[in-house]
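In the form predicted alone, a lone chain appears below as structure tokens.
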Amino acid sequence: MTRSSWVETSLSEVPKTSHDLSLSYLSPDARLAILTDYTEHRTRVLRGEPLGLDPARFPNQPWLAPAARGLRRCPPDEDVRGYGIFTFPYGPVTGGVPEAVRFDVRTYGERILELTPVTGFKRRGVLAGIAGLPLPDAALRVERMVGNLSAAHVTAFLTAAESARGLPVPERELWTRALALELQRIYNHLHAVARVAESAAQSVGQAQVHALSEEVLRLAGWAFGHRWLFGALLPGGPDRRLEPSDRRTIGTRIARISADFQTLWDLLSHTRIFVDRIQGTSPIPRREAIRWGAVGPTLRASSVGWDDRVHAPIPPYTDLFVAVPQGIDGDALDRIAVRVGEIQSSTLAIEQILDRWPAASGEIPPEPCVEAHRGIARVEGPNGDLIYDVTMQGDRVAGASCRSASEANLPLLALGSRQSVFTDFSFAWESFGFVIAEVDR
């Protein structure tokens, strides 16, 4: 029961407001001062801070205000105080949530009146710690910041750094990064489906989807020398197996994994118990997804077909066809269905990458820098739009900041959980695909 559709949404379908800047970051000049998401409330100015948001500029958005342990609050529409209402702290160490994060749940029993995610329990200061390091050493730390999203983070970081330095990039290196990105996207989407199946007590489906995700990791390790792609995109990293015969092997194996998964998904999506648990769970209406700056599958599940690979592409995505699955209702079922569609989309992208692999090792000009020695790059990671802002001093990193997809989507969890029952929380959490290491970096 898949409700996603293979549609590329025109920008004309994105609602306009008097403050809307949705088209601005498609212009090369837009990188000179500001990066925006197409939402009136979440204009982001990256000035070397993790989010770069000034709460004074957004007095009607109290969730932007700094608070203890990185609080992110979605303002309630009604008063959640009263007789019998209490706050139930869920986490930071608890079953069902594999990372350290706490949720302050306002409730009178089973129904969630308000949910406030609280992060910051394992903040590591990775980006602050790379200042002054040579670029390869800094990139080594960045890719290990979030292991299952290493390709997206190191690609965005290196693209921003290359923009800051104004140095051309080997064309084959860009295609190698895209191949790594799509392999890791398939892994993360398989992992999300398996986690939702686990929450719904679909043990057989969970085990079989996890087995396929393990096959993707083993394929990545075979091709790039490391199952998490550590070092694979860095100069002097592990040897890569990307010769013509190797590329044929990668294409054959990933096509088989995708086909095997589609068979499993057909069974899962026709399992009434599984569908009932996620259909209608934690819905995010289109208007709210745009208003709160949702990204990635969360945004596309709410029928907005934005994908950086299509609408803000960097090579080689400028020369690839990328199908953009969409949902309709923005609930947990749609978020998972979009991920299922993107497994097929990534399989098609990998097929194109392998088939059109550059014959000669030419060079591509870097993205335009925003100012002297400073570059900004955005990459469509598995969970959505990932932004890096990097300043270079020669061949060393002077400073770096990042806005991750998990940060952007965390308020949407708070919004979607309100008025749901607590037993549905795990389905909502897993369908968003959060990685708290992206927030507590």
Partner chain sequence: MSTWIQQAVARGRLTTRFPWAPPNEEEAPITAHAPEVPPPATRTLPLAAPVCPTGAIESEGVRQGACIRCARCLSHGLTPTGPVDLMASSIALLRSPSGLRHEPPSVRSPSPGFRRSLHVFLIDVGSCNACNREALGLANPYYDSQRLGIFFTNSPRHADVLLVVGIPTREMLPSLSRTYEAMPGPKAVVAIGACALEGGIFHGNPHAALPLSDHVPVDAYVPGCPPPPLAILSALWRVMRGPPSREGP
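Just so we're clear, the structure is a prediction, and the values are computed from it rather than from any experiment. Positions refer to the first chain, counted from 1.
Just so it is clear, the following notes concern the form predicted together with the partner chain, a form of the same protein that is not shown.
Contact check for residue 226: a heavy atom falls within 4.5 Å of the partner chain in the predicted complex. When contacts are judged by a 4.5 Å heavy atom cut-off, residue 312 does not count as touching the partner chain in the predicted complex. Taking the partner from the other structure, the partner chain in the predicted complex has a heavy atom within 4.5 Å of a heavy atom of residue 230. Proximity of residue 204 to the partner chain in the predicted complex falls within the 4.5 Å heavy atom cutoff. Residue in contact with the partner chain in the predicted complex (any heavy atom within 4.5 Å), chosen from 303, 347, 279, 148: 148. Contact annotation: of the candidates 208, 258, 352, 116, the single residue with a non-hydrogen atom within 4.5 angstroms of the partner chain in the predicted complex is 208. For the three residues 247, 254 and 393, a heavy atom within 4.5 Å of the partner chain turns up in the predicted complex in no case.
Note that among 137-145, 174-182, 361-369, 318-326, the stretch whose heavy atoms approach the partner chain to within 4.5 Å in the predicted complex is 137-145. Contacts between stretch 122-143 and the partner chain, counted in the predicted complex as any heavy atom lying within 4.5 Å, involve 122, 123, 124, 125, 126, 136, 137, 140, 141, listed in sequence order.
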